[in-house]
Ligand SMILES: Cc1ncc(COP(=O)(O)O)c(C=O)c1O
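Given as structure tokens, the chain that follows is alone and in the form predicted on its own.
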């Protein structure tokens, strides 16, 4: 294996190997993979950084799996804002977690956002001593960044580990001012290396902090192997290895600084043209399209006609992501495309925030229960079976076990989801 024997139409087959002698084994890395992970561990100043060839989804499941193995409770509990990725829900289903949801005090303009304050987390932890860990998504898909430093201090005071879905923020460590969740006090976090580092799709990192509870490092590889293929892609692992070399040489940091500066310049020029932007993330350009007179999907299509592919769009937003692979000409072309699009009066649109939904059964009971598929129009009052997400951003609109409300139905339709699985 592999059956292509190093020859094929992609041209990369000669690099695509499997666990042959000398290639090491990801889940018991003591050779070249272990050396590469050790380099990344040093670069991120962690107790342990593990490679994933199956994205942050595997890392998210691993983080919760480590918590599961670290408690004697038959049903552990996780505290989380509602804008989680589907992988989090899947992990809770498989591992039997109960979820305590947090919702913002003021309605969020998008299902991607969940503006939870540190004080909300403090209050939740003070009011519920059964919570085993806190889980936060930061940055979110729109580019908002949570106050991880304060949240981590609150969690530490409560004796509760903080887990961060930092899928969009692998680069935060290498900004002029280090803003990575591990640096700011998180116990564990996942980074999708392929999103913001020079790495091929599927490459991700699981970080365990030096302050994390005893046993987390030792459990990491065992748990990762439960959620990963026994044949991880060595192309992805090689990409992570070369990425580490690029960071270690200082080349990545230099290119990152230039990219951030160029995107900042773009943001200033777009703002001067009247475009409304949001989010504080350094590598995202998030346009409040509806406030500029466009459905976000419509604006995305207009940009595509100029050869610009957005990362994400919905009815309210168009989001673009920059990376160190972008050239100065790319940024000029981006501004040139926006200069041709007139800013118009804001669209009238109904705000559809994710509101607290009633829970009928646990996520695990619902996900493995008997279900049928119905139209969303006939789903009111029924119980969601399999979690429903819009892809992207894979943020759940209806979570397994929740009672489907009128608000959920409206959101499903906004994301062109017209059928849903419900329990019998």
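Everything numeric here is computed off the predicted structure, so don't read it as measured data. Positions refer to the first chain, counted from 1.
Just so you know, the form predicted in complex with the ligand exists too; it's not on screen, but the next bit is about it.
Participant: Can all three of 57, 137 and 167 be found with a heavy atom no more than 4.5 Å from the ligand in the predicted bound form?
Facilitator: All of them do, each having a heavy atom within 4.5 Å of the partner.
Participant: Examine residue 195 and determine whether its closest non-hydrogen atom to the ligand in the predicted bound form is within 4.5 angstroms.
Facilitator: Judged by the heavy-atom cut-off of 4.5 Å, residue 195 is in contact with the ligand in the predicted bound form.
Participant: How about residue 180 - does it come within 4.5 Å of the ligand in the predicted bound form, if we only consider non-hydrogen atoms?
Facilitator: Residue-level check for residue 180: no, no contact with the ligand.
Participant: Is there a heavy atom of residue 82 no more than 4.5 Å from a heavy atom of the ligand in the predicted bound form?
Facilitator: Close contact is absent here: in the predicted bound form, residue 82 is far from the ligand, nothing within 4.5 Å, heavy atoms only.
Participant: Answer yes if any heavy atom of residue 141 is within 4.5 Å of a heavy atom of the ligand in the predicted bound form; otherwise answer no.
Facilitator: The answer is yes: residue 141 has a heavy atom within 4.5 Å of the ligand.
Participant: Spot the stretch among 146-154, 294-302, 257-265, 159-167 with residues whose non-hydrogen atoms come within 4.5 Å of the ligand in the predicted bound form.
Facilitator: That would be stretch 159-167.
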